[in-house]
Each structure stands twice: as structure tokens, then as C-alpha cells.
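Presented as C-alpha cells, the chain that follows is alone, the form predicted on its own.
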């Protein structure tokens, strides 16, 4: 997730306002904000001790990691446990993980802080003020987000690691007092504090209560990488066994007494509302149907089982309100974007004197709107009990989802109980805020409305068709490029124009040394609801940038991989991953005797750098990717096994989009409806994916999204080698 200007201005207002107030007012509140105390007060009383933020220790010496991130298959819980276990000198058998409740006490300002600190380095004296400021902003904005590859690199590495190290020192201090020895004579191992001289030891569970009342140390002693026992090792994911045995509860598994089932028919035009139901009596007369009602963006049918509800909703006839989007089509949107790029643009980045260079290479690229296509369709179960509204659902921001449910029901936040469940895929679809002004949790809003209006417990489930046609989509983007070559073949000019507000200009700019550069964009909205899609802006601009640099390499008559290396510092992570992927793949130019060729791409995103080589061929049924090699620099690889799985999964997700993914617009709505016309890669299409992690000493980076951006350009670059045709429009099939 790129941080928006709005979020940055609000955060800056809170933090900057505090600075202006000196030691009083807002800044005093931020400096004295006791985050651990807030979480302790929110935790239901039991016999465990909340000794530090995100951590509890039980009397029987179990260490509980409180995870503020929800699970959608990424496996970050295991990585968080590895970090805590190492810094606490715990044994793996002691480690447990719990899902943080959807409560303000567990909002997560570290996500805000992580993205802002990537853009600026605050003065050391402001560290505490800023950290607490971001947590307070997290409270105010109900931020408990999972996304942006933030769980391990921000919450885990920047927050839980420090909390665990501080806890270890506090436990030693408590043991020193109890044993009446100097703290520097004590060590920790397997969840115990040891005094070697006397042979005495005390388990953490016996020391936790005494340690919890001590001040957290100011000088935290973090472990060195050489001391890690778990971080950097392939640890089996703790969530896999229960998923394999089908013991995990997803949102769609929810069941409560006397539950009814709702299905939705949307209005069919983005933004249009249903005015009236034309065959209400006929639909109500269908077997099992109890209610038919107009809801935001459509019509709901409630019945005694899900199929009866779905069958009945497909018979609904309605009249909708007229809307400006009634005639919206892909063709009109393409024309709109091309026209916008010919008019006044917003400058995002400039270097050198780009206006003084004559253009010699031109290209226009286009990528379509994309749905998220989560295998678990959107669903939520809502009921009222004992004066409270109860909600079960899988979301990427439970606290903000709870706030949205409260607002829709006209209730205070305290009157809503939200149970966050596992998600069968998210990819940004289940985040509670979007890139547009449209409601990303529209299925949740509908579910709340149905339960409140009918007074019944209802599970609302969208069909695949409803989900595909009512998404918050990855934006369609047109981009135009102009370039020129110097006498040595290197680029002397890079100029790009793209449609839509660019929240992260680093995703748009090339990573290469080019003396004259101009990056601009049309700061205009999309009429189609847009949201965060796996790798966000990098998914479009990785394709644009790495395709155009290939075009320049071909114009210069230089091997594309060597051309990139010529434009990078030889010791940079970018150069190192390129060299590694060349070695992994046995890089070659031209087609082999099997009719296969290689293409390469390089993208830095979410704090990590990835180079990919795709080996592909052209078959009668279309392009085929046979093998994909991925060289990854993500800093400290907390769990290499999980990282490999994430990169492999994101490669296949990206391949589906590159080959098949598109949402066409006609008469104000999306044409595609299900996996027959919104295809995903099948096992027969899937390439072999090899991943290698490079120990380059870089800061910890994200891994959940980084495999997506290089895939499409690497594939297209390979196909160009085979037939000389440049693929500037996706999808390929």
C-alpha cells in the first residue's frame, strides 16, 4: 500500500502539531501514551501476564504472540513467532500465537510508521513522539491492516523484535532481584533465566509478573544475526496442519442458530442504485424465500438455504436509478485516458534537462482493470444478540471493518462485536479502504443492512458472478514513453506519462541511471471503483518500465540483461540479483532449438529487490511460460521456506493476469463473470518456479507481493525474442 497524501497530511498534522506544542498538549499525550497498558486493560483477565506490547507469558511458561494481522494464506504468524522466539531465547515448543481482537487497543501504528520512515528519516530526539504519534493515529483511524507486505518487516522486525528483546532484559532484571545476584551474571536459554555460578534457574512464567512492573530498558540489546536459532531457518508454518485437515474456520464457514442466507443481485452499473423491484411478489413466492429487499448497490434475497436464495435472486427484475456511468465502456475509457495524457499533467519526478533531448523511441502501453478473484467469495454473517451487533467475516482490517459495521447499523463501536476469520485469499480485496471513494467492504455493508432490516441472523454470500462484477478493481492504466539513446547506446532520455493519481512515484520511475528524466501523470479519478491489488502500482508500472527498458536495449543492439547491468552500480542489490538470476537460468540470448527464449525483468518493491527470468515459447493456443527463475533480496529472510512459497504463489497470480486477466466494461458494468471468462492459470499451464534468496545485508523487506511485478514484462520480453513483436497491451490471450 502506498501512503496517500491524505494519510500523510493527517498523520503530519497530529505529529507536527505535537511538535509545535512543545512538551504540552498533543505532544505530552503522545509521549506519555502507554501502549502496553492499553493492551493490558483490553485483554480479558486470565492468569497470563501482558509483559510487553504484543506479548504475554503464562505461568506454565508459554509465550503468546498477539498477532494484529489477519491470515489470508501468507503465513506471517510463523515468521512473527520466529522473531520473538529468537529475541526471547525461547524454545519453539513454548510458542503460541493468538489473533488480536478487533479492538482499538490493538490498532497497529507500525504500518503507518514503516511506510513514512521509508520516505523520510526523522531526528533521533523525535523518535518516541513519532512512534506514539503513529500509534495514536492508528487508534483514530481504526488501523489494524494486513497488506503492503507489512506484517514481518514492520510489525515483526521493527516492533515485536524490540519488544521481545526488551522483555528478555526485563526478565533478567526480575531474576537478578529475586536471586540477589548481578544481572550481568545471568543468561537466558529455552525460556529460562540461568545463573551458571550457582546452577539455579527460573522459568519466564515465574518471573513475568515481577518483570511486567519494571520500566522497559532504554538501551535494548538486540541479537546479532549469528545468534539466531530460528530467524533465517525454514520453519514449518504453524497454520498449515489445521488447513490441510480442514480444521480452520473461514468466514464462509460461519454458522449461528436460526441462520438465514442472503444472495445479492447488483444494479449492474457502477454507482447506480436500485429504484424498485418489479416482480417482488413472484420472488417472494419462491420456495424458502423469506425476505426481498433493496440494499446499497443492489437487491438481496433471504432464504432458508444458500442455493434457494441464489436461485431466487437470479429471477429478480428491477428498475435502477439513471446514472452517468450507464454508457461506460472499455473503448470510451481508453479514449478518455489517451485524451488525458495529451493535456496538462502533474510532474512526479524530473532530472537533468529532458526537454532538450530529441525523442527517438516511443511506446504506448495499456493494462486492463483486474478483479482480485479470491477463491473464497465475499461473505459476512451478522446477527443481533443481547443488545449487540455481531459480525463474522474475513477481512484485512478487522477494526476498521467493525467501525464500518457500527456506522451502517447506527451504533457505537462498543456495541459491535467483530470476529475476524481466516480468508480464502485477499490480495487487497478485503482491505477496508480503497484507492477511490467507493466502499470496498460493500458486501459487509450489505450484510449489516440485511440483518438489521430483517431482524434475523443472516449469512450474506456473494456468488462468483457478483464478486467478479462488483469488485474494487486494479486500475486500468495507459502509459506513454519516450526515449533516446546516447552515442554509447545508453539512455540519454526517459520520459513517461501515465493515467491516474500516482501515490508512490518510486513505482513509476526507472531504477536505472538515466541523466535526463521526466515522470508525469494525469491526476484524474477512475469512474470504476478501484482498490489495492497485489503489489499495487508496481503491477502496472513494473510491466511498463521493464518493457520499455527492453525496447531501448534492443534499439541499442545490446543484450537486455547486460544493458540493465550497464545502468546500475555494480555492487548494488539490483545488480547482484540480476547477476544471480543470470547464473540460475543460464541466461542466453535468442531462441533455442526447442523454440524457447528468455526474457528478464527487475523490480524493487516493498523494500525488496527481485529479478526474474522467464523461459517461454509460442504454442498454437498462445504463449506458454515453461520456467521462471527468481533471485530475491529481501534483507533478512525470516522464514526462507515461506518466502519461497510466497514468491512462487505470486508468480502464478501474476501469470494469470498477464495471460488472461481483464475486466471489460460495457453499458456501465463488467462483462466477465466467472472463471470461464476470467481465467486463472491451471496446473497444466503452471511453470516450474525456482527461487533463490541473496544474503546481501539489506534491510528487511516484504515478500508477499514482490513476485508479481517482474513476471509480465519478463514474459513479454521473452516472446519478443521469438517473433520480434512487442507486447504492449495485456492480457496476452
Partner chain sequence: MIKLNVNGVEHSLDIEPDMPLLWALREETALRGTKFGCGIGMCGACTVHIDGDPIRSCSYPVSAAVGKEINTIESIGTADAPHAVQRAWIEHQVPQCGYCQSGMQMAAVALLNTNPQPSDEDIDNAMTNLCRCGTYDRIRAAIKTAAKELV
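From a predicted model like this one, the values you see are computed outputs, not experimental measurements. Numbering follows the first chain given and starts at 1.
If you look for the form predicted together with its partner chain, you will not find it shown, but the lines that follow are about it.
For residue 317, no non-hydrogen atom is located within 4.5 Å of its partner chain in the model of the complex, even though that partner is not displayed. With a 4.5 Å cutoff on heavy atoms, residue 367 does not count as touching its partner chain in the model of the complex; it lies far away. Contact annotation: residue 307 falls within 4.5 Å of its partner chain in the model of the complex, judged by heavy atom distances. Though the partner is left out of this view, residue 250 does reach within 4.5 Å of its partner chain in the model of the complex, counting heavy atoms only. In plain terms, the part of the chain that comes close to its partner chain in the model of the complex, with a heavy atom within 4.5 Å, is 636-644 out of 600-608, 436-444, 636-644, 179-187.
With the partner removed from view, the residue among 374, 470, 159, 192 that has a non-hydrogen atom within 4.5 Å of its partner chain in the model of the complex turns out to be 374.
For the options 203, 511, 425, 271, the residue carrying a heavy atom within 4.5 angstroms of its partner chain in the model of the complex is 425. Within 4.5 Å of its partner chain in the model of the complex, a heavy atom is found for none of 563, 721 and 727.
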